[in-house]
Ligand code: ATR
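First comes one chain, alone, set out as structure tokens in the form predicted alone.
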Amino acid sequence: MNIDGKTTVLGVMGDPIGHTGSPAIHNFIADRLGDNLVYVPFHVRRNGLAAAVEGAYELGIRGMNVTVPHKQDILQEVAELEDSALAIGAVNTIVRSKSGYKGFNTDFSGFMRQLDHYSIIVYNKPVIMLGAGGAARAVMYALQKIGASRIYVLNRSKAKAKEEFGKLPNVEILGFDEWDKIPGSEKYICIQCTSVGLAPLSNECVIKDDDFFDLVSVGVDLIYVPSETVFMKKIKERGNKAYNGLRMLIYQAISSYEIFMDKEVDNDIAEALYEKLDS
């Protein structure tokens, strides 16, 4: 990597940020495409978000990804919002414009591309979604867009989940301990959207009752560190398929890179990235 006066600077901001795989992904893409850029992590605490965004703009940083806990707070710091970010109410990508940064959400498209890659058919199928935070917003937007027949949202706080999703069609809100109210006559696609099970707390699972997993036909955990979570193990123990969030991470990053640099990234790079990061 040769850094000079023409090097484009990109990054990712979050708290914590030490676990992020984004720098490896974006710098890999840049190397493959021959782009003169560097992508670095920025540890930004909640009370420093506004100053960080203002400082990044003044420093000429072209764009940044935004991860927990800033995906919703960043809405107040951008000059404009792309339609999907506005609809989801969360931003994971900001790109420099003349008036400030513009906010995008590529999490939902990354999630949709992951479903497509693994041939997980959501259209007209019932889905269970665990969690109601920023990542869940993007997943819900995708599930509604694809046309899931029914979406059961399980969350620790029913009030928060109702505030987020209660007015959406074909959605039912339950607490984590109310999973047994979900009809047992069907099998469900289950999307795990919480941070429970994220390293270093890898021995945890958001649903404690093993019987819950008898409802699940296929699972997707948005966590990618560790590569196999307890949630995934419990599904696989029943002979069903479960996937981590690595491909979603890669696909949303590629979408962000395409926005940052205004160019397409072909699927060969996506596959090379997966082989590199999954090893």
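Since this is a predicted model, take the numbers as computed values, not measurements. Residue indices: 1-based, along the sequence shown.
The same protein also has a form predicted together with the named molecule, omitted here; what follows describes it.
- Contact with the named molecule in the predicted bound form, judged by any heavy atom within 4.5 Å, is made by just one of Gly89, Gly133, Gly166, Pro126: Gly133.
- The listed set His117, Arg150, Arg156, Arg96 contains one residue whose heavy atoms approach the named molecule in the predicted bound form to within 4.5 Å, identified as Arg156.
- For Met112, no non-hydrogen atom is located within 4.5 Å of the named molecule in the predicted bound form, even though that partner is not displayed.
- Although the partner is absent here, Met140 is not a contact residue: none of its heavy atoms lies within 4.5 angstroms of the named molecule in the predicted bound form.
- Taking the partner from elsewhere, Val196 is found to have a heavy atom lying within 4.5 Å of the named molecule in the predicted bound form.
- Using a 4.5 Å cutoff between non-hydrogen atoms, Ile173 does not count as a contact of the named molecule in the predicted bound form.
- Segments offered: 96 to 104, 74 to 82, 118 to 126, 186 to 194. Contacting the named molecule in the predicted bound form at heavy atom distances within 4.5 Å is 186 to 194.
- Although the named molecule is not shown here, in the predicted bound form the stretch 202 to 232 places heavy atoms of just one residue, Val206, within 4.5 Å of it.
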